[in-house]
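Next comes just one chain, in structure tokens: the form predicted on its own.
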Amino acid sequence: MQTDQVRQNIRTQIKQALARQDAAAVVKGAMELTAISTRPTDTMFSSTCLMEMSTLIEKDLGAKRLRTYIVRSVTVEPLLPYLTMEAVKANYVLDVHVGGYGSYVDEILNPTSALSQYNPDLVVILLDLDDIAGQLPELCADGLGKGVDEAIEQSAARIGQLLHSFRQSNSARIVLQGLVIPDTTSLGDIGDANLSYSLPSAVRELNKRLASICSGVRDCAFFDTDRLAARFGRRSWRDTRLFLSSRLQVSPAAFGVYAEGIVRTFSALFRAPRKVLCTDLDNTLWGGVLGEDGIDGIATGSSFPGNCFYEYQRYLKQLSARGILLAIVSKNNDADVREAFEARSADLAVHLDDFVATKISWSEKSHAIRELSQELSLGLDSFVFVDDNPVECAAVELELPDVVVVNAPLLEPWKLVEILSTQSFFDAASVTDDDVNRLNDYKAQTERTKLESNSGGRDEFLGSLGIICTFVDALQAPLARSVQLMAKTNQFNLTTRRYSAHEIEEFANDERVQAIAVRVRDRFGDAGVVGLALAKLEGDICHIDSLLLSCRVIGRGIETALLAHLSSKAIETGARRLIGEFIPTKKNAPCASFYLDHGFSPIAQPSYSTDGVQYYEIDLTTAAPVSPPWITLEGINTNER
């Protein structure tokens, strides 16, 4: 009865928030209601309220609206309220259109289908084993394998053909659902485990093939439903009666988990992962308090409970290997910490060299993270902070709301890796060479900073770096890196347009367009591809659509070299005027004066433009931008000097 009263109170509060058009309160109430109630009616109610407030959720809370089309061969309608809920949790608003039952081939291939006409931002493809490889159960029944490999090959090829054909005419991001490993087969548990051509092994192989196909299609992610089913319990994942009677492939008990998995998968196509993990030391990186227990008393290594912390250290090392930057933020004595890392090195999976920075002092941790943000030239929304102290966690959450805070479980340290790995903030659909090299790049930046402090002036310092800018086609950067730059660059991004791989590809293949990426290296190392410019020639005017640069290299003249190169190419194609746009955001203030600083003049807003866009122009016949003298240029018809 008490729970029912709480439910009713929350529902009343949601209705009141709806009446006063308070989007934040509606979202908060909806999340509270579904957290305490598993009743479908409460989820339906919450979902309906959220959709009613969707415009304000988008406007006031900054949610990203996605036109979403579900291509399916199964029943999905009962899942939609849960999908709405999980999307709002992740700060999305979905406008969902469900395609015809079983008509997925026509919808994907037909250029005049409802799918094409809907012009979606996101396409979610939900198919069952019967539709992808329905012959596999029979072929695998004897476990001998006759025809199994061929069936897997043909099934994967058909799906690949569908995806590639769709990609040629549509730029929407794609999520392809994988298959759940069957829990019961005619071979039984022993046969499934020991025979090479059991149905589970065949489905695993098919999933591998489908995932590989997705990685080869622009802006496409594989949705690993089997991973979700294994965590949830395959026996409970599907209600056989419901599937046979209505083709509902997921049991009602799993609706929330399933919807969350879809949202987490497509989020990796629209958002870049966070880049920095800041970790506390005492009772987080190691057990115990260094200042009280001493170097020999802290828990780490191969024995329990030290191995719980050692597993966390190993996980950090793995994150670092794929390009996530590690930093220490700890209230401690710096000398004591350094001595501990040296004395206990054999018991630690990470060492000080694995961290891009250390903030070890008695100052507030929110202040230390702010300093790191400035030193690394990364926004606070790139940071994750891990600490066992709930007071410290609460302080950082209050002072730095853009930072994700993870409260390490002090009494259950073995759970920390699981907590981190099941979160979405480090999710990435792809990993590039530039990601892997990020730690070395930031360490090189530290060396540059030391050199600058000892130089006689800015020009002398920049000249001593030996900077080389190599201009390459955006499609060859590689394209995945160009897309990644567009997705995650915020501070020096003049228009903050977020194009998909397919859209960049279409843009670059237009003969009137320049699509230029810039790679930068100097005597301290190779920073990789750090900038991108897209511009289009219309008559004798060249319009700059996008110009962006990684914050890692701002202030070295790279932005000027990129603009100068773009201007030079525009002149070669007959342009006499160069027009640039600046669209202000909360984060791109550092480049607000870019065009004015390079000799452009503001012009009146054209009648076709969107409010808020600021336009600038320069006469290329008299005042074309020039690259700084300390930078050597090469690539794309550039004369080396």
Partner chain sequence: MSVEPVPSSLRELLADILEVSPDDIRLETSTESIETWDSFRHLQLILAIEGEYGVQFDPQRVADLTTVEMILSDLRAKGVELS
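No experiment lies behind these values; they were computed from the predicted model shown. Residue numbers count along the first chain shown, from 1.
This protein has a second form, the form predicted in complex with the partner chain, left out of what is shown; the following refers to that one.
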Open item on the list: Please tell me whether any heavy atom belonging to M44 falls inside 4.5 Å of a heavy atom of the partner chain, as the geometry stands in the model of the complex.
Closed with: yes
TODO: Evaluate F255 for contact with the partner chain in the model of the complex, applying a 4.5 angstroms cut-off between non-hydrogen atoms, and reply yes or no.
DONE: yes
Open item on the list: So in the model of the complex, is the partner chain close enough to P40 to count as touching (4.5 Å, heavy atoms)?
Closed with: yes
Open item on the list: S245 versus the partner chain, in the model of the complex: is there a non-hydrogen atom within 4.5 Å?
Closed with: yes
- [ ] Have a look at E538, E150, D402, E77 for me and say which one sits with a heavy atom within 4.5 Å of the partner chain in the model of the complex.
- [x] E77
Task: Sole residue of Q614, S601, T48, T573 within 4.5 Å of the partner chain in the model of the complex, by heavy atom - done: T48
Task: Residue stretch of 339 to 347, 222 to 230, 294 to 302, 245 to 253 approaching the partner chain in the model of the complex, non-hydrogen atom distance within 4.5 Å - done: 245 to 253
Task: Whether R11, R72 and R241 all lie within 4.5 angstroms of the partner chain in the model of the complex by heavy atom - done: yes
Task: Heavy atom within 4.5 Å of the partner chain in the model of the complex - qualifying residues of 98 to 113 - done: Y101
